[in-house]
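Okay, here we've got a single chain as structure tokens, the form predicted on its own, with questions on binding and movement later.
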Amino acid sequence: MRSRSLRVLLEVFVPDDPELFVGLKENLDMDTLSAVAELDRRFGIPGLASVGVGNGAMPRVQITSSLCEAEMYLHGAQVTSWKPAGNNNAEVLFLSSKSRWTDGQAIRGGIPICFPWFRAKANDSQAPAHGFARTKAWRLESILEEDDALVVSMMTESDEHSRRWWPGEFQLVHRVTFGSQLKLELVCTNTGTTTLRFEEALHTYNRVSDIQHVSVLGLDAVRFLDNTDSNKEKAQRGDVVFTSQTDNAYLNTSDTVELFDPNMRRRIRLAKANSLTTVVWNPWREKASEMRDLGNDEWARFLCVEASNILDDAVNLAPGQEHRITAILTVERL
């Protein structure tokens, strides 16, 4: 009976891919499958949203509606796919073919959450890059219909693991609205008795045709810190174009920016709120060669444009208060 139940659950939750099926059978157990089945029973919406097993035997939410197709993992509360309708169902987000789907490792691509620090942690070379939020297992709180869109909420909070790296007491809620636009809201509540100071970013990997043939509009004359040049402050001149490694933090930014990709015949717009920095990043060939979770030449297929609060724009949050950063992605066909 036990093996029959396992086979039935695998047939329900595993994609129709023989190689993936074999790999999942080796990693899944009845407890995992039962937990996923219970999440789907509690939160699934027939025909619109389901909870199932994804890559690495990790639970994920899949959205299939008239407005979009999408997926979001409980690992890191990370959106990994968004295909809005009316855009030939084209994927907007980049996901590396060599992403590591395992506990404690970041997923390369989609929209990772950077918190409570950005890049390397000051004075601690052993701490995980970009913080611990993107490698934690979050808790699924709800899946709701809202004005034809689907809203998925996941939560995590301070625990023994987070206190190992950072003493702050907090609760994080990631609320994502999947529809004709993609809206991300990250809400941090200070649940402790002292002020929190943290950095944050919604580290969006946009899929592009070729990094050398795209540009970012809306940052002309904005001051930025160039992380490839010891964080020297510079001024942007014209549109942002790409001929080498780029790692810029644009300061005092609140306006919408656009990623212009003529070869894919689309613009991806990023609007944001409660975000004072906009990070634009691509590792280029040399840096990408050091990244084991990035496929050959995949560096040319993405550009990160990120709503963030980093460096001097880090957030100071008093006890009992909450802070919300919002990013909204929309796509326009050319």
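Quantities reported herein were computed from a predicted structural model and do not represent experimental measurements. Residues carry their position along the shown sequence, with the first being 1.
Just so it is clear, the following notes concern the form predicted together with 6-O-phosphono-beta-D-glucopyranose (BG6), a form of the same protein that is not shown.
Engineer: Given that the partner is absent here, does residue 118 sit within 4.5 Å of 6-O-phosphono-beta-D-glucopyranose (BG6) in the model of the complex, heavy atoms only?
Structural biologist: Contact with 6-O-phosphono-beta-D-glucopyranose (BG6), yes.
Engineer: Is there a heavy atom of residue 227 lying 4.5 Å or less from a heavy atom of 6-O-phosphono-beta-D-glucopyranose (BG6) in the model of the complex?
Structural biologist: Within the cut-off, so yes.
Engineer: Quick check on residue 85: any heavy atom within 4.5 Å of 6-O-phosphono-beta-D-glucopyranose (BG6) in the model of the complex?
Structural biologist: So residue 85 does not count as contacting 6-O-phosphono-beta-D-glucopyranose (BG6).
Engineer: Against 6-O-phosphono-beta-D-glucopyranose (BG6) in the model of the complex, would residue 129 count as a contact residue? Criterion: heavy atoms within 4.5 Å.
Structural biologist: Taking the distances in the model of the complex, the answer for residue 129 is yes, it comes within 4.5 Å of 6-O-phosphono-beta-D-glucopyranose (BG6).
Engineer: Of 73, 205, 260, 170, which one comes within 4.5 Å of 6-O-phosphono-beta-D-glucopyranose (BG6) in the model of the complex, counting heavy atoms only?
Structural biologist: In short, 205.
Engineer: Choose from 263-271, 47-55, 278-286, 64-72 the stretch whose residues reach within 4.5 Å of 6-O-phosphono-beta-D-glucopyranose (BG6) in the model of the complex, heavy atoms counted.
Structural biologist: In short, 278-286.
Engineer: Suppose contact means any heavy atom within 4.5 Å; which members of 243-270 contact 6-O-phosphono-beta-D-glucopyranose (BG6) in the model of the complex?
Structural biologist: Counting only heavy atoms within 4.5 Å of 6-O-phosphono-beta-D-glucopyranose (BG6) in the model of the complex, the single contacting residue of 243-270 is 247.
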